[in-house]
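So this first bit is one chain, no partners, the form predicted alone, shown in structure tokens.
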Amino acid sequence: MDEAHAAPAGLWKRYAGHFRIGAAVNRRTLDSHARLLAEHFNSITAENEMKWGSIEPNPDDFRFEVPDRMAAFATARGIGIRGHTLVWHNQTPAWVFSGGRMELAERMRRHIQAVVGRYRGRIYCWDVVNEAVADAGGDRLRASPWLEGMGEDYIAHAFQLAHGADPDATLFYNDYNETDPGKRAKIHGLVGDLRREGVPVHGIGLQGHWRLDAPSARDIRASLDLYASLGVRLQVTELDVSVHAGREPAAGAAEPAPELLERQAERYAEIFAIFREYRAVIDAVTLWGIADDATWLDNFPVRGRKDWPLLFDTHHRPKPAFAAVARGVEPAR
């Protein structure tokens, strides 16, 4: 890295008095982005390797090699690990949902006990249930194979099992579109009801897949206020800032325009200023990736459309967004 693009050392150190700074990793980026990870992040999340379809593709066929490697990498460097995710309607094999309620409940039990139990004491928090709330309409919960097969209490059951497998882990409900007024009311209602019933839901994860123009700062603050009113911990679990407006077609640009990167930097500055305001309730902010050469947004929502949503560019150099996040936050001494 040349001096012109040198990043101030230790982004996580700058935020040590605020919250953890995390990044999502996969089996490739754990190696190819290891320097950035070790220097700037003190929490990691497996992008896909701890999801059910990856870790248990067949009944009792647990594949821990890559998650174990991630855990060893993190432990050796004093980096925390977020577990992601135990119960989700996506990336879960079809065999899990065959049979009736008792069969599904037993498979959930075996899976959670095996996975959470293996990493007990090493993973500091888990996204226990992911994206269970409906986006629109009058129903609170998303129509999913879990809901159909086990009923509404599948969520409570998952949290109880995770807590039994590791009583010291902080357990999160995690979702997207979490700042939408209608959906955030549903998330708030669900988590509030679960906690009143004594279910061990300790936190809410705001995924944070945001854009240059949305959500508004007002909606971000309103959401943080509403969720914090439940007395839970908050984490931003999958943050990125797309430079595209939505499902517009691929523009074919090889690199983003400088003015676009400046707008993105202003947006990151605004977002992190809000996070710092709420540091009393936010425990961690995790970027969904490390650098722009490896981002899921290159294939979503438009396949093959290049995006540049992270703090480091495709050559692993700090972007204006990195400077915006680091600016004004002094490293811990």
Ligand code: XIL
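Residue indices: 1-based, along the sequence shown. This one's a predicted model, so the numbers in the text were calculated from it and none came from an experiment.
This next part talks about the form predicted in complex with the ligand, which is not shown.
Q: Pick from 92, 223, 174, 242: which has a non-hydrogen atom within 4.5 Å of the ligand in the model of the complex?
A: Only one option qualifies, and that one is 174.
Q: 56, 47, 292, 283: which sits within 4.5 Å of the ligand in the model of the complex by any heavy atom?
A: The residue from 56, 47, 292, 283 that makes the contact is 47.
Q: Does the ligand come within 4.5 Å of any heavy atom of residue 88 in the model of the complex?
A: Heavy-atom contact with the ligand at 4.5 Å: present for residue 88.
Q: Is residue 288 close enough to the ligand in the model of the complex to count, meaning some heavy atom within 4.5 Å?
A: So residue 288 counts as contacting the ligand.
Q: Residue 131 versus the ligand, in the model of the complex: is there a non-hydrogen atom within 4.5 Å?
A: Contact with the ligand, yes.
Q: Residue 188 near the ligand in the model of the complex, any heavy atom under 4.5 Å?
A: No, residue 188 is distant from the partner.
Q: Please name which of the stretches 164-172, 202-210, 132-140, 178-186 has residues with heavy atoms lying within 4.5 Å of the ligand in the model of the complex.
A: Looking at the partner contacts, the answer comes out as 202-210.
Q: Can you name the residues of 292-330 that have a non-hydrogen atom within 4.5 angstroms of the ligand in the model of the complex?
A: Counting only heavy atoms within 4.5 Å of the ligand in the model of the complex, the single contacting residue of 292-330 is 296.
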